[in-house]
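Okay, here we've got a single chain as C-alpha coordinates, the form predicted alone, with questions on binding and movement later.
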Amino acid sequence: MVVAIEPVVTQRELLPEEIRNPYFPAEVEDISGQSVWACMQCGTCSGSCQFAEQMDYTPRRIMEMVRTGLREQVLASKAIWYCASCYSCTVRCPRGIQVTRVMMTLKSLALRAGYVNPREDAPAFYDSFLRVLRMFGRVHEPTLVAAYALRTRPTRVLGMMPMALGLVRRGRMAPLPDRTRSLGEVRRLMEAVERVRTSESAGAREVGVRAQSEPRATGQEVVVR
(Lines give C-alpha, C1' and ligand atoms only; values in the text may rest on other atoms or scores of the structure.)
Protein backbone atom coordinates (compact mmCIF):
# COMPACT_ATOMS: atom_id res chain seq x y z
CA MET A 1 0.00 0.00 0.00
CA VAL A 2 1.36 3.40 -0.97
CA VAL A 3 1.64 5.72 2.03
CA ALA A 4 3.96 8.43 0.84
CA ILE A 5 6.39 9.19 -1.97
CA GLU A 6 9.45 11.28 -1.26
CA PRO A 7 12.75 11.88 -3.04
CA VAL A 8 15.17 9.14 -1.97
CA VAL A 9 18.11 11.47 -1.92
CA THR A 10 16.49 13.46 0.87
CA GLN A 11 15.96 10.44 3.13
CA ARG A 12 19.42 9.01 2.48
CA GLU A 13 21.11 12.28 3.25
CA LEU A 14 19.48 12.21 6.68
CA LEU A 15 21.41 9.07 7.58
CA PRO A 16 24.83 9.49 9.21
CA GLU A 17 27.68 8.85 6.78
CA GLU A 18 29.30 6.38 9.18
CA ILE A 19 26.49 3.83 8.71
CA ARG A 20 26.25 4.16 4.92
CA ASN A 21 28.54 2.39 2.44
CA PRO A 22 28.21 4.23 -0.91
CA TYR A 23 29.92 1.36 -2.76
CA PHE A 24 27.51 -1.34 -1.57
CA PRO A 25 24.90 -0.92 -4.37
CA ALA A 26 27.61 -1.24 -7.05
CA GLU A 27 29.09 -4.26 -5.27
CA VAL A 28 25.74 -6.06 -5.25
CA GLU A 29 24.94 -5.10 -8.84
CA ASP A 30 28.31 -6.27 -10.13
CA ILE A 31 28.06 -9.71 -8.52
CA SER A 32 24.35 -10.35 -9.06
CA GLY A 33 24.09 -8.80 -12.52
CA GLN A 34 20.87 -7.09 -11.40
CA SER A 35 20.10 -3.38 -11.24
CA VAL A 36 18.90 -2.53 -7.75
CA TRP A 37 18.22 1.00 -9.01
CA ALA A 38 15.50 -0.37 -11.31
CA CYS A 39 13.38 -1.26 -8.26
CA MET A 40 10.37 1.02 -7.92
CA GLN A 41 9.48 -0.18 -4.40
CA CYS A 42 6.06 -1.54 -5.43
CA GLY A 43 6.28 -4.35 -2.85
CA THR A 44 5.34 -7.16 -5.25
CA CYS A 45 8.36 -9.16 -4.08
CA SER A 46 7.28 -8.89 -0.44
CA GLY A 47 3.70 -9.77 -1.30
CA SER A 48 4.88 -12.86 -3.19
CA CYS A 49 7.31 -14.10 -0.54
CA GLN A 50 6.09 -17.05 1.53
CA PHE A 51 8.43 -16.16 4.39
CA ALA A 52 8.06 -12.37 4.46
CA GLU A 53 6.27 -12.47 7.83
CA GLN A 54 9.19 -14.31 9.42
CA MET A 55 11.80 -11.90 8.04
CA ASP A 56 13.20 -9.00 10.03
CA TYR A 57 13.16 -7.00 6.77
CA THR A 58 10.91 -7.78 3.81
CA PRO A 59 12.47 -8.21 0.34
CA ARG A 60 11.27 -4.72 -0.64
CA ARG A 61 13.02 -3.21 2.37
CA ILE A 62 16.17 -5.22 1.65
CA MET A 63 16.29 -3.78 -1.88
CA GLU A 64 15.97 -0.23 -0.55
CA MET A 65 18.53 -0.84 2.20
CA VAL A 66 21.00 -2.06 -0.44
CA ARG A 67 20.45 1.12 -2.46
CA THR A 68 20.90 3.22 0.66
CA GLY A 69 24.21 1.52 1.36
CA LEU A 70 23.27 -0.10 4.67
CA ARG A 71 25.77 -2.91 4.13
CA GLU A 72 26.18 -4.02 7.73
CA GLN A 73 22.46 -4.06 8.49
CA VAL A 74 21.66 -6.03 5.31
CA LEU A 75 24.42 -8.62 5.65
CA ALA A 76 23.67 -9.14 9.35
CA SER A 77 19.93 -9.55 8.76
CA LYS A 78 18.12 -12.87 9.04
CA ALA A 79 15.88 -12.01 6.08
CA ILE A 80 18.37 -13.06 3.42
CA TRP A 81 18.60 -16.54 4.98
CA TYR A 82 14.83 -17.00 4.98
CA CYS A 83 14.83 -16.73 1.18
CA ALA A 84 14.04 -20.24 -0.10
CA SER A 85 14.91 -19.39 -3.73
CA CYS A 86 11.37 -20.22 -4.86
CA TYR A 87 11.65 -17.46 -7.51
CA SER A 88 8.10 -16.14 -6.89
CA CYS A 89 9.47 -12.60 -6.48
CA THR A 90 11.60 -12.95 -9.60
CA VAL A 91 8.70 -14.19 -11.74
CA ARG A 92 6.36 -11.41 -10.57
CA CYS A 93 8.70 -8.41 -10.46
CA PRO A 94 7.26 -5.83 -12.90
CA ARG A 95 10.75 -4.40 -13.50
CA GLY A 96 12.26 -7.79 -14.36
CA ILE A 97 14.67 -7.78 -11.44
CA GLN A 98 15.84 -11.23 -10.38
CA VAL A 99 15.45 -10.62 -6.66
CA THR A 100 16.46 -14.21 -5.94
CA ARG A 101 19.89 -13.55 -7.45
CA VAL A 102 20.23 -10.44 -5.31
CA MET A 103 19.42 -12.52 -2.21
CA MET A 104 21.97 -15.18 -3.22
CA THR A 105 24.58 -12.47 -3.65
CA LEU A 106 23.83 -11.07 -0.21
CA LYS A 107 24.18 -14.53 1.37
CA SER A 108 27.55 -14.98 -0.32
CA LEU A 109 28.76 -11.56 0.83
CA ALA A 110 27.52 -12.20 4.38
CA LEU A 111 29.48 -15.45 4.55
CA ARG A 112 32.66 -13.89 3.17
CA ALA A 113 32.43 -10.86 5.44
CA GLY A 114 31.90 -12.97 8.56
CA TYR A 115 28.44 -11.64 9.37
CA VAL A 116 27.04 -15.13 9.78
CA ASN A 117 27.03 -17.35 12.82
CA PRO A 118 27.96 -20.74 11.30
CA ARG A 119 25.81 -22.47 13.93
CA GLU A 120 22.60 -20.74 12.85
CA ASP A 121 20.18 -23.00 10.99
CA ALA A 122 20.25 -21.66 7.44
CA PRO A 123 24.02 -21.02 7.08
CA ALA A 124 24.76 -24.36 8.75
CA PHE A 125 22.46 -26.19 6.33
CA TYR A 126 23.98 -24.47 3.27
CA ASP A 127 27.50 -25.31 4.37
CA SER A 128 26.63 -28.90 5.32
CA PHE A 129 24.96 -29.43 1.94
CA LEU A 130 28.06 -28.29 0.05
CA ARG A 131 30.36 -30.39 2.22
CA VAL A 132 28.32 -33.55 1.54
CA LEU A 133 28.21 -32.76 -2.16
CA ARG A 134 31.98 -32.34 -2.20
CA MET A 135 32.45 -35.66 -0.36
CA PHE A 136 30.19 -37.89 -2.45
CA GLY A 137 29.31 -35.91 -5.57
CA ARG A 138 25.65 -36.27 -4.62
CA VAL A 139 23.45 -35.69 -1.61
CA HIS A 140 23.26 -38.44 1.02
CA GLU A 141 20.43 -37.50 3.35
CA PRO A 142 21.59 -39.24 6.57
CA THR A 143 25.07 -37.69 6.30
CA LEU A 144 23.57 -34.28 5.50
CA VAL A 145 21.16 -34.38 8.46
CA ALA A 146 23.89 -35.62 10.83
CA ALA A 147 26.34 -32.92 9.72
CA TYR A 148 23.66 -30.25 9.99
CA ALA A 149 22.45 -31.39 13.42
CA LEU A 150 25.96 -31.63 14.87
CA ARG A 151 26.58 -27.98 13.93
CA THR A 152 23.30 -26.69 15.28
CA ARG A 153 21.41 -28.88 17.76
CA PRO A 154 22.65 -32.49 17.98
CA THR A 155 19.64 -33.69 19.96
CA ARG A 156 17.36 -33.11 16.96
CA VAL A 157 18.85 -36.27 15.42
CA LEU A 158 17.04 -38.36 18.05
CA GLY A 159 13.70 -36.92 16.97
CA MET A 160 14.38 -37.76 13.34
CA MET A 161 15.46 -41.36 13.94
CA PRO A 162 11.99 -43.00 13.71
CA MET A 163 11.28 -41.36 10.34
CA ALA A 164 14.77 -42.18 9.04
CA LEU A 165 14.50 -45.84 10.02
CA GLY A 166 11.11 -46.05 8.35
CA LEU A 167 12.52 -44.65 5.11
CA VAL A 168 15.44 -47.10 5.23
CA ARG A 169 13.15 -50.10 5.84
CA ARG A 170 11.00 -49.12 2.84
CA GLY A 171 14.03 -48.65 0.63
CA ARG A 172 13.40 -44.92 0.20
CA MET A 173 16.74 -43.89 1.69
CA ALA A 174 20.15 -45.57 1.50
CA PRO A 175 21.79 -46.08 4.93
CA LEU A 176 25.31 -45.82 3.49
CA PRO A 177 26.61 -43.13 1.11
CA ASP A 178 27.38 -43.92 -2.51
CA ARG A 179 29.91 -41.82 -4.38
CA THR A 180 29.10 -40.79 -7.92
CA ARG A 181 31.47 -42.03 -10.63
CA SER A 182 31.97 -38.43 -11.72
CA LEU A 183 33.15 -37.23 -8.31
CA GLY A 184 36.27 -35.58 -9.76
CA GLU A 185 34.17 -33.71 -12.29
CA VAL A 186 31.78 -32.48 -9.59
CA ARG A 187 34.68 -31.24 -7.45
CA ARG A 188 36.29 -29.47 -10.42
CA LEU A 189 32.96 -27.79 -11.17
CA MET A 190 32.62 -26.59 -7.58
CA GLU A 191 36.20 -25.27 -7.64
CA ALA A 192 35.49 -23.43 -10.90
CA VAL A 193 32.40 -21.82 -9.37
CA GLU A 194 34.46 -20.74 -6.36
CA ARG A 195 37.08 -19.16 -8.65
CA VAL A 196 34.36 -17.23 -10.49
CA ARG A 197 32.88 -16.00 -7.22
CA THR A 198 36.31 -14.88 -6.02
CA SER A 199 36.88 -13.06 -9.31
CA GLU A 200 33.46 -11.40 -9.07
CA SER A 201 34.21 -10.18 -5.55
CA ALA A 202 37.48 -8.64 -6.76
CA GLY A 203 35.61 -6.99 -9.63
CA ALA A 204 33.03 -5.62 -7.22
CA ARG A 205 35.75 -4.02 -5.11
CA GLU A 206 37.10 -2.37 -8.27
CA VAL A 207 33.62 -1.07 -9.08
CA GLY A 208 33.46 0.37 -5.60
CA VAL A 209 36.64 2.34 -6.18
CA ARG A 210 35.28 3.68 -9.45
CA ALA A 211 32.02 4.61 -7.75
CA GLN A 212 33.99 6.72 -5.28
CA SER A 213 35.31 8.93 -8.07
CA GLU A 214 32.05 8.91 -10.06
CA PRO A 215 29.17 9.24 -7.59
CA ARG A 216 25.79 8.05 -8.83
CA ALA A 217 23.14 10.65 -9.56
CA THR A 218 20.02 9.89 -7.47
CA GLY A 219 17.99 13.05 -7.64
CA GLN A 220 15.25 11.58 -9.86
CA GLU A 221 14.58 8.47 -7.79
CA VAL A 222 11.63 8.03 -5.50
CA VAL A 223 10.85 5.59 -2.70
CA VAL A 224 7.51 4.31 -1.41
CA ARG A 225 7.24 4.00 2.36
Partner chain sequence: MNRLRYAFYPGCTAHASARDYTRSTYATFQALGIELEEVPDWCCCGSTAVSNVDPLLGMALCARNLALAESTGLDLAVTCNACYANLAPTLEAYREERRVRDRLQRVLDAVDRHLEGEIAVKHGVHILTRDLGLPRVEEHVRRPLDGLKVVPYYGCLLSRPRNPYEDPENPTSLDELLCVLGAEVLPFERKTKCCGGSFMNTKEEVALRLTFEILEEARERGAHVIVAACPLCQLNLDAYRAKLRARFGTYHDTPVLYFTQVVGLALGLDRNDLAIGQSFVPADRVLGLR
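Positions refer to the first chain, counted from 1. Note that the structure is predicted; figures quoted are calculated from it, not measured.
The discussion below concerns the form predicted together with its partner chain, not included here.
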Could you work out which of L167, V36, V157, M40 is the residue within 4.5 angstroms of its partner chain in the model of the complex, going by heavy atoms?
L167
Is every one of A76, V116 and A147 within 4.5 Å of its partner chain in the model of the complex, counting heavy atoms?
no
Can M173 be called a contact residue for its partner chain in the model of the complex at 4.5 Å between heavy atoms?
yes
Given that the partner is absent here, does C83 sit within 4.5 Å of its partner chain in the model of the complex, heavy atoms only?
yes
Flag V186 as yes or no: does it have a non-hydrogen atom within 4.5 angstroms of any non-hydrogen atom of its partner chain in the model of the complex?
yes
Answer with yes or no whether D178 is in contact with its partner chain in the model of the complex, where contact means some heavy atom within 4.5 Å.
yes
Could you run down 94-117 and flag each residue that has a heavy atom within 4.5 Å of its partner chain in the model of the complex?
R101, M104, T105, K107, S108, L111, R112
